[in-house]
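Let's start with one chain on its own, the form predicted on its own, as structure tokens.
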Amino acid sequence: MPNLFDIDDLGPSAWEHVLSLAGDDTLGALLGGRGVALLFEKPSARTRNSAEMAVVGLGGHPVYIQGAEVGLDVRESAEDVARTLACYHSVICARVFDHTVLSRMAGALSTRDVDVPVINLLSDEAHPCQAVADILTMREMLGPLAGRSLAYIGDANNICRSLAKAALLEGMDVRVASPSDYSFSAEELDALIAFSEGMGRGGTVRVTNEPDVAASGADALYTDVWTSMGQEDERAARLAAFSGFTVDEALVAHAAGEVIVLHCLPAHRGEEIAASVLEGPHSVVWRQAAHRQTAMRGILAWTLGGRHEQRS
């Protein structure tokens, strides 16, 4: 059963298969009127709209479920919620606070031999759907990505983890610039290096505390909000820690002349990114947002029709 919790659930062949399916406009009604549960503990404009429209495009019926409607581990256990939703739906997609909820849901289905995959729409550890959209955008704008460089400026968070793995699968040079307290741990960095070596694509990953070092000659600059949902109490401390990490025109000048700028949105203009950059000629942010739907099409199609694909 092809659950997708993060990018490392995909090997090179499955990764290419997902991206190929994302670009396939001839998939037809793979869902054949079946339901897809979209469970959201955390709200999102892009994730909800892209997932719903991808399901509709594949001939399915999306059902949006707010966290309060099921009360994960309050009204019912995550396991019981998964078993209930599987009575009605062919795929369960969940946007959760705690990453372990996803594996618990999938485990509950597996132990009952229920063939309904679970897709991570975002957790505290990973956001694979965003990473697929990011790579589709970079491929469209830059062509083949092997040997290209990607500089991520900001918090080494769930977005950054999934993006790094996806870029390493592409054979990219990944550079992450973060304040010391918000960087990858030594264990996380070692795991990414091991992942890259295991995939054999030639990608590299390194961390720095200097944004201009990461941005030097980069083909793509990427940033995300400094204070994510659920971190509001940390806002003042984060604004102080990330001073100097804004993707502004001065930082863009350190990158390659034709650099593209990405942001997963929502954006806080004047904090992690300057308004002039977000709206400027290097920005591909809105194309990136559009690819969220393309990415979901590929992911859903893989879970539905790619079950013969082996992780390799």
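One rule holds for the numbers: they count along the sequence shown, beginning at 1. These numbers were taken from a predicted model, which means no experiment stands behind them.
Below: the form predicted in complex with a small molecule, not depicted.
Within 4.5 Å of the small molecule in the model of the complex, a heavy atom is found for every one of 122, 157 and 228. Residue 264 is the only one of 30, 278, 70, 264 with a heavy atom lying within 4.5 Å of the small molecule in the model of the complex. Although the partner is absent from this view, residue 127 contacts the small molecule in the model of the complex, with a non-hydrogen atom inside 4.5 angstroms.
Only one segment in the set 178-186, 138-146, 191-199, 157-165 has residues whose heavy atoms sit within 4.5 Å of the small molecule in the model of the complex; it is 157-165.
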